[in-house]
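Heads up, the chain below is alone and in the form predicted alone; it's given as structure tokens.
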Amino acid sequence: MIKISPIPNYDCEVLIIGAGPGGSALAGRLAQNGICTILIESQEFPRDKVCGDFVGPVAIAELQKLGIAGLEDFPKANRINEASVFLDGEEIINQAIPRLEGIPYYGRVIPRITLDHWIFEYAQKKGAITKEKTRLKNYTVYPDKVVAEISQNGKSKTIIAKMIIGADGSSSTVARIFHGQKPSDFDRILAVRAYYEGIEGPQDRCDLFFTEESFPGYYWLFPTGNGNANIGVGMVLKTLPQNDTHLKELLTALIQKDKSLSARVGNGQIKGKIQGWPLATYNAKKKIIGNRLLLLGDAAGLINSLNGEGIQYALLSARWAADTIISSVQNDDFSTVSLTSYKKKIEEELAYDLTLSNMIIQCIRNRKLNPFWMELLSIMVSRARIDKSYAEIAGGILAGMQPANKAVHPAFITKTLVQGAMHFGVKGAKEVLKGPEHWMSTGKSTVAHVKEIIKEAKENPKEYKEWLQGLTTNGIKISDHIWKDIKKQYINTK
């Protein structure tokens, strides 16, 4: 362990709030570089964290860099070699974890009570000062310091640091004070999960399920090994019209009604309770750096709104933040300008994909359009069954193993459009053969559905205005990213 002494007039150089994967990884990296770091956590380790528990290949690669993948117990965590996607109870894609250069071709399902403890111990071993059962109450940023008010074992104290890091999750106190408000409902996902034992089927395969009943959202079964599994469902919080579904009841119903999920659960039994948690997704308009302040992982909204993935982004942002903070300490400059390299790295590496995921979610947020989106999924399924490369991209995006921006690649769009033309051509021919009486019935149904959407928009003008604004804002951001890609490709070909 590196012994690091406090800095005169300061209790530490860097104060990190939240000892999840991102906060602990950052604390360890900074302490390893001789930076006096205090890491505070509201609970006591080992502590649980409600999550899907899937640790993908990118996150595994980051854990390897930290040395955590070399722990004796790490290989005992259940290894995932493939993933399946189901639509309305039918398997549509089953594929191995893709082999991508520089990262493992497998994932693991590691309960957070174990994973977070491993990374917290890593931070301690590297020399970070840790304080458990300690909560941040408030903080004030001054020109030369940050003064944080904390509560430890019921006693109020202050910590004086050169800068503060918000790594305290989607309900971040640091971010709320920094932004002056909580995350918007349009930037929220709700999810619930439970552990089951006695599960059937492959132990090395993760399953994702889609059906209109849970849309916009999906449900999952992630095996934790030895016949146990993490089973849950997630859905965007703000829908049009507002969805009043209770996720705990929905999860129980889906386990009973979805034939594929039901077959895997078999005679399995729930262990403990169904527990829920909110996630704050990426919002490009929200600041993630300020004078002597930086937001990390979930606190920065680094959540993929398509699949709820956050662990890999927490670990990546911790590494990038460490590079920036080390430079700031060396230059004794903690201004917003000095922290800009972190913001730029997030924008370069993650913003495109997270914004595109938000755009997709914003589209499917309108539940009145569910029939259209489910038909689009059906078209993609049809193509995936006859086109392996297409299946790898489509399945990889849904499973969080391929970047969402691959969906806007010209080849992928072309294949989807061709398949759509074939789909609607065959469907149209069948409709024609059913005769005039059926045509009139279908026409009336379509007109009625359109009228229902118009009526809904008139009754909820504010919500529909926000929905359209969200589509426009994300669309502009995506266009900007696409234009930058085009310019890069042009420069590289010259």
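Note that the structure is predicted; figures quoted are calculated from it, not measured. All residue numbers are counted from 1 along the displayed sequence.
Although it is not shown, the form predicted in complex with a small molecule is what the next lines describe.
Put simply, Leu279 is close to the small molecule in the model of the complex: some heavy atom of it is within 4.5 Å.
Residue contact with the small molecule in the model of the complex: Ile60 places no heavy atom within 4.5 Å of it. The closest heavy atom approach of Cys36 to the small molecule in the model of the complex falls outside 4.5 Å. The small molecule in the model of the complex is approached by Ala314, whose closest heavy atom lies within 4.5 angstroms of it. Between 167-175, 78-86, 323-331, 260-268, the stretch whose residues reach within 4.5 angstroms of the small molecule in the model of the complex through a non-hydrogen atom is 167-175. Out of the listed residues Ile303, Ile199, Ile289, Leu350, Ile303 is the one that sits within 4.5 Å of the small molecule in the model of the complex by at least one heavy atom. Think of it this way: in the model of the complex, the small molecule has a heavy atom of just one of Met163, Leu339, Ala191, Ile92 within 4.5 Å, and the residue is Ala191.
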